[in-house]
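Have a look below at one chain only, the form predicted on its own, in structure tokens format.
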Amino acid sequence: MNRRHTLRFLGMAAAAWLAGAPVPALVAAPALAADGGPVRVGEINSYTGLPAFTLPYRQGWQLAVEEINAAGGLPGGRALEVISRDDAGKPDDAVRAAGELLANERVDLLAGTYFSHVGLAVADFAARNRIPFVAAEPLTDAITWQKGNPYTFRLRPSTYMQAAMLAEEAAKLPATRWATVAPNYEYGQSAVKWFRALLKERRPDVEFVAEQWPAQGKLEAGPTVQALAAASPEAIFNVTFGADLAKFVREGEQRGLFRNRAVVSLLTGEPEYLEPLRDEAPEGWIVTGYPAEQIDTPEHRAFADAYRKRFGEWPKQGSVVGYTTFKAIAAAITKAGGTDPEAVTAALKGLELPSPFGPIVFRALDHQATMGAYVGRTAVRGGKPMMVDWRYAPGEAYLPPDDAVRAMRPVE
């Protein structure tokens, strides 16, 4: 290790010791015979907190790592190795894991996280320790804007970007009275804030007449649905996901909340959240998502075929995220010619790479990737929930002007 790495290692060793014994790694890719040993990525995610998304995500990055190593690995023939930890959806656990990975496992960079507040905590750790962090899933705008830092990069389209995609469609509806329901933490708060602002930009005549803020994972569906219905909205913006979404859909259907009301819903078209609803899935909701079995572009077909061959099932949104995250890491290390943190950080700025959704770029301006999302409507066909009437919304088309981004992001 160079001097800075040595000092950083010694500084973190005590913290790691206090945190207790390390959690066993979930996966470690086999090392290739190479000078310098494998490149080690410390991967952190909410595997026990949200397995519906994170397990397909893990399969996605496993496939990427296998492909990279089978093709000869990274510069110098070095293998890509992953040391993975579970953060249980808790920022403190994630930071402790990051410290242990850096101090004990000597990882070269960090990747992963799902929940926005967890991603922000790891991003802060990365900035303080000057180690690159590729945030795979957390959608908070703050991670690349208000709390952006030189070492953190984000793959998925942010809450702003996806809210902009949905506001574009919502503005076409005749509804003027809107209600919102969202989990009461950074992701949900940001999604509602931007959807309201972006919809009112397009439709100054709309008003928001009710809002509900259940704790994430603890939605009380009956009272929530009753409160929304009491406000008599003409349309609803929903940000719940996972088990909360299922409870909201079922209670809302039973109480007639969605009858003759438009619903615009973030993430609901993703297979992780739509498929568990089975034939109870809502009809006609406007959603962002991933119609995996219907996409027939060459790049997606190649990815889906490889994924199905490896795991015997169709990929989910998490699969795409995990796969592309580690392809981006490999591309950055290759571009940098090694694992020096400053060189890898510089390589990630403006990095271009292919993805199952087509070419993407990690913008040098704010470290946000231009990966987009699919926008369409929910439907049930033959008892199977799916997206219909969908289109791909490229990420770069749903970002604010550069001057607005510069005004939000700290000067580096």
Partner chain sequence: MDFYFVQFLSGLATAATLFLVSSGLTVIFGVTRIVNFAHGSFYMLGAYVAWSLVERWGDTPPGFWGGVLLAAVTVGVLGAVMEVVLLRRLYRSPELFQLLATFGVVLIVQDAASWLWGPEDLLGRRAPLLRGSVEVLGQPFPLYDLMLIVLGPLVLVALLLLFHRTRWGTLVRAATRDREMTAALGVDQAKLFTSVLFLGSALAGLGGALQVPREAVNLHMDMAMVVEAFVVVVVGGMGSLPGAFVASLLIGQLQAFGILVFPQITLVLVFLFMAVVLVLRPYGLFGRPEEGPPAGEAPGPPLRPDGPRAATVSLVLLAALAAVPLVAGDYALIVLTEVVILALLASSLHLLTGLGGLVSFGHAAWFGLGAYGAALLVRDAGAPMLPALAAAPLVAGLGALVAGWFCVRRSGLYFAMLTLAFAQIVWSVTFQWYAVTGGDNGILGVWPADWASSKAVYYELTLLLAGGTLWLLRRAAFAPFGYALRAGRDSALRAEAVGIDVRHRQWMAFTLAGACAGLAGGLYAFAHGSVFPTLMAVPVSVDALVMVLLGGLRTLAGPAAGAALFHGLETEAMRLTDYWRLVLGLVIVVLVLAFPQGVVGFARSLWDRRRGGNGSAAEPVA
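Positions refer to the first chain, counted from 1. All figures in this text were calculated on a predicted structure; none of them were measured in a lab.
The same protein also has a form predicted together with the partner chain, omitted here; what follows describes it.
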item: Stretch in contact, per heavy atom within 4.5 angstroms of the partner chain in the model of the complex, of 251-259, 295-303, 338-346, 159-167; value: 251-259
item: Heavy atom distance at most 4.5 Å to the partner chain in the model of the complex, all of 49, 95 and 116; value: yes
item: Candidate from 206, 209, 277, 331 lying within 4.5 Å of the partner chain in the model of the complex - any heavy atom; value: 277
item: The partner chain: the contacting residue among 137, 186, 81, 108 in the model of the complex [heavy atom, 4.5 Å]; value: 186
item: Distance check, residue 198 to the partner chain in the model of the complex, heavy atom within 4.5 Å; value: no
item: The partner chain contact in the model of the complex: residue 76, any heavy atom under 4.5 Å; value: no
item: The partner chain contact at residue 91 in the model of the complex, heavy atom, 4.5 Å; value: yes
item: Partner proximity in the model of the complex: residue 193 to the partner chain, non-hydrogen atom cutoff 4.5 Å; value: no
item: Interface residues of 95-132 toward the partner chain, as seen in the model of the complex [heavy atoms, 4.5 Å]; value: 95, 96, 99, 100, 103, 104, 105, 116, 117, 120, 121, 124, 125, 128
